[in-house]
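Shown here is one chain on its own, the form predicted on its own, set out as structure tokens.
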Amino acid sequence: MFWIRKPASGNRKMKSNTDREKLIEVKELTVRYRQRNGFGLREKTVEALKDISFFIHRGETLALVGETGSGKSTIAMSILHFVSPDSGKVLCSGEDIWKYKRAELRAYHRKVQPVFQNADESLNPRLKIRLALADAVDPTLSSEEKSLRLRDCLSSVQLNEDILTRFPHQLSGGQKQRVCIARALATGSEMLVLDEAISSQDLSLQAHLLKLLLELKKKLSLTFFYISHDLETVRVIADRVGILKDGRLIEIGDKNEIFNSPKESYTQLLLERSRF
């Protein structure tokens, strides 16, 4: 039996959008970076995000689309508590994550897990896969329980147990990315922040990973924050879509509304480009 948190049982009516729980809420988020010019004698401020506001319902996939440099990864890093805002808030179930104490922050990081684009940078090349996954498992478990969880994690991403004895360089690109997904699930996470998580793979592997993610989301009642510049993968995986331009969220709505009746000219331009 798969060990990760199961969806609640029982017959329940589907909640409307206004009734659904907001797992993550971003309120008027502004992030600025300080950069040195020339030989470090002058400093300038770059506004990466400006007054960004949105929410992510529990159990949904919100996709954020934008070109390189639009601020997508900065939002991800803020939600992951890696980049602090200059103003605004990031709330998890109504609580400001930047006011968490150490124990609360540890619990949050187990609850909200990232999967990044480059698996080679995410996996330590000196560690075998067993150790890479074991670091994410609850340390209070017995050795037998940890081994069971490792096997279950690998099974969930369609990898065999013999992969545990290998190093990252002995795996294919698709295998490494599935290991990264398994590691994110090993904490018992409720939400995955998928930052260009499949964009480095070829088209066939992208299709396979998309199918895998959709199956995991349904099986484990996961929430996804999916960041991409690729509208075709967004069309497959998203429930709602936000469009980011120059650090500003210019449009957000149901996937069908965004793809079929975009309001902003920039969104229309992105859609036109994706058709070629």
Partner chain sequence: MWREKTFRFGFVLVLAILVLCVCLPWIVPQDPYTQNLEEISRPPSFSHPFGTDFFGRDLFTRILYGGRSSLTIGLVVTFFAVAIGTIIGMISGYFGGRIDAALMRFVDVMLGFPRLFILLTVIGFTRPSFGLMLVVLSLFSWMEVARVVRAEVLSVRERLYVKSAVALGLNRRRVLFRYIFPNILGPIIVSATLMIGSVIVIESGLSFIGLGVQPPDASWGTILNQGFQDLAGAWWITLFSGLAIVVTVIGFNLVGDGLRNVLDPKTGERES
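Positions refer to the first chain, counted from 1. Owing to the predicted nature of the structure, the values given are computational and were not obtained by experimental measurement.
Below, we turn to the form predicted in complex with its partner chain, even though it does not appear here.
Per the 4.5 Å heavy atom criterion, its partner chain in the predicted complex is contacted by stretch 133 to 141, the sole one of 85 to 93, 156 to 164, 196 to 204, 133 to 141.
For the marked spot (H109, F116 and L123), a heavy atom within 4.5 Å of its partner chain in the predicted complex is present in each of the three residues. Distance criterion of 4.5 Å from any heavy atom to its partner chain in the predicted complex singles out R183 from the list R183, K176, R149, K72.
None of the heavy atoms of S78 is located within 4.5 Å of its partner chain in the predicted complex. The closest non-hydrogen atom of R102 lies within 4.5 Å of its partner chain in the predicted complex. Residue contact check for L171: none of its heavy atoms lie within 4.5 Å of its partner chain in the predicted complex.
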